[in-house]
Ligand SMILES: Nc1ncnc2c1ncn2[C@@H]1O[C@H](COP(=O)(O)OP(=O)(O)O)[C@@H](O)[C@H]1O
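We begin with a single chain expressed as structure tokens, specifically the form predicted alone.
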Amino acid sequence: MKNKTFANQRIGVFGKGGSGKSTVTVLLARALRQSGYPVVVLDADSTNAGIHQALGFEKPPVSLMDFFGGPVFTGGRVSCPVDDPTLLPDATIDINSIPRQYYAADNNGLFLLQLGKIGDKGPGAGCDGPIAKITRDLRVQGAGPQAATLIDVKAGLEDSARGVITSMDWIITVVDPTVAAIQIAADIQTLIARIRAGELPATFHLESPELKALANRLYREARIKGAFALLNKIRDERMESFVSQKLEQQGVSIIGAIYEGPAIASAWLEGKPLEGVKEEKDMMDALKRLERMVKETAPLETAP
């Protein structure tokens, strides 16, 4: 069987707070399912809630932070990748071998895993660096042949600085009609170019030569291939044209636009699944364009 475009690929969904990352993740998961992919959704947003309901699950799975032993701040073994770039032990898991409470699944090939939330960790334990390490290192097997993984990443660029970006194959930056969202898309584009050019991470804070060498190796072996922008919360063609022009001036490739409708906001407010909404067509069009653009993307040489 010929491999589908996103089989065994990791797609990270990035963007500023409020841009609609979780909405895009849910719509994209549904579009990928309609295109024949088993889909694993990783909820890596440390503060946002409700994606399980938007995907049609009654309750969220138990956090994988608990599965991996908890964060170092509370005596656990999951550390922040900035301070400790070592790989998370046993980070490859089989969906058929872990306890059922750690994932949600339907009968149509959709899986959800929650990596961790910081709201319940107590005073002084609110850093989400350990969640970033799980995001960077986790690999999920057993979801089915040619499964695609979608990762709803924390808002902003902080996790990019933590090395999360190195473990993605592709990035979709969600751009709502704001200057800040356009700038984040441009910054991610620049960051990927610098990584692909062989620029190494800042390691002056690491005292161990071994840790410095490991951090450098992770960047040299980064699997990231490229990033694309998806416009969201667009109200009319004039707005779409304006935002598209600003992104194109920054060299950011655009896969499509999702026009704003009232059904999305109502579903999030009422805790209902995002299904049967008109935005699903916009997302399917964007996915088809993304597949075409990925196929046209020339392989980039990795720096020695």
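Bear in mind that the values here come from a model prediction, so they are computed numbers and not experimental data. All residue numbers refer to positions in the sequence shown, first residue = 1.
Heads up, the form predicted together with this ligand isn't pictured, but that's what we're talking about next.
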Proximity of E260 to this ligand in the predicted complex, heavy atoms at 4.5 Å | yes
Considering only heavy atoms, tell me if R10 and this ligand come within 4.5 Å of each other in the predicted complex.
-> no
Taking 4.5 angstroms as the cut-off for heavy atoms, does A54 touch this ligand in the predicted complex?
-> no
State yes or no: in the predicted complex, is some non-hydrogen atom of N232 no more than 4.5 angstroms from a non-hydrogen atom of this ligand?
-> yes
For the chain seen here without its partner, which of 29-37, 240-248, 60-68, 261-269 has a heavy atom within 4.5 Å of this ligand in the predicted complex?
-> 261-269
Residue by residue through 10-24, tell me which have a non-hydrogen atom within 4.5 angstroms of this ligand in the predicted complex.
-> K16, G17, G18, S19, G20, K21, S22, T23
